[in-house]
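Given as structure tokens, the chain that follows is alone and in the form predicted on its own.
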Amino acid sequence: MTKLPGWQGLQRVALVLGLPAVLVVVWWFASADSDHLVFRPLSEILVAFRETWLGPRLVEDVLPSLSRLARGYAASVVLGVGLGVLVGWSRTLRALLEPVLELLRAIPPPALIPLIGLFAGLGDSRRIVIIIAGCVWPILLNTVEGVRAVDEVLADTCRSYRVRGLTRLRQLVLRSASPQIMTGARQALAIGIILMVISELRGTVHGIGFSVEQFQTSFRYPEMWSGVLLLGLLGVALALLFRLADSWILGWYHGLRASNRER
């Protein structure tokens, strides 16, 4: 039986959306008659979501949080990839820095918040530094491993044809390491969302994390759950955007893997 055009795409969409849809339906009916102080009906949470986040708070809280996340994440990518290429390409530098990097990586970023506050103050710079302190490590370490795994045959070919400098870096090193780099960047994005919230719990009067904590301490539980729901939706949206970027940047790699599986 011949499948209709686009049938596989519809099946994929159904698989992706099926479980979330079922969970929402179960949540709706399971909480419909709830009179618990904390666990409110989903209908109340959705009303609170519309009234809370689709008004002035969108500009006052959501956009500033996303701006800090974007700046911290972008800085983490630049630092992680830059330092990772240097450490991965130089055995001497790797031997010198690897123990220190492993030590720093093991320190949870929230534990550094008081120290970061001493140097970065209490403004946006503190929150951005906190995001960088957690996001940079998966990018850096995956970049190091990706650079170390560059094919020796390709490296010898570049040396034979005297491919050096930026051309070598762009065409050999970064291209070979890009799958590992994107893996680290994907991990860093999830960490960044968590640290975005943590960084806003103290020393600020704006942001999603600040608002959710204020709702909790003032017993406004529908609004609190609406903030949690917002964070989940933002996580899904950012993951989808990252997947699109991954398909664009690593299109050649995914195509190569697909052709290898068909052989």
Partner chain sequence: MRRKLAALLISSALLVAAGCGDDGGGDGDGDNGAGQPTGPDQVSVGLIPIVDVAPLFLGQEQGFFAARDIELATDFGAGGANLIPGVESGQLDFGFSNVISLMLAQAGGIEIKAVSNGNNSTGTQGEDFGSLLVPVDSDVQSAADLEGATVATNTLSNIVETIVRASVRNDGGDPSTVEFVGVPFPEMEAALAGGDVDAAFAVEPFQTIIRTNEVGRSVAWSWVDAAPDLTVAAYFTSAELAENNPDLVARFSEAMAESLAYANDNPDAVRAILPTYTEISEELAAELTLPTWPPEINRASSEALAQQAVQDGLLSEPPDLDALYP
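Positions refer to the first chain, counted from 1. Being a predicted model, the structure only gives us computed values, none of them experimental.
Keep in mind the form predicted together with the partner chain is missing from the figure; the text below concerns it.
### Query
Hey, in the model of the complex, is G203 touching the partner chain, heavy atoms inside 4.5 Å?
Contact with the partner chain, yes.
### Task
Answer yes if any heavy atom of I113 is within 4.5 Å of a heavy atom of the partner chain in the model of the complex; otherwise answer no.
So I113 counts as contacting the partner chain.
### 4.5 Å heavy atom contact, L37 to the partner chain in the model of the complex
Heavy-atom contact with the partner chain at 4.5 Å: present for L37.
### Query
Does F210 reach the partner chain in the model of the complex, with heavy atoms at most 4.5 Å apart?
Heavy-atom contact with the partner chain at 4.5 Å: present for F210.
### Non-hydrogen atom within 4.5 angstroms of the partner chain in the model of the complex for each of Q214, T217 and Y221
Every residue of the candidate spot has a heavy atom within 4.5 Å of the partner chain in the model of the complex.
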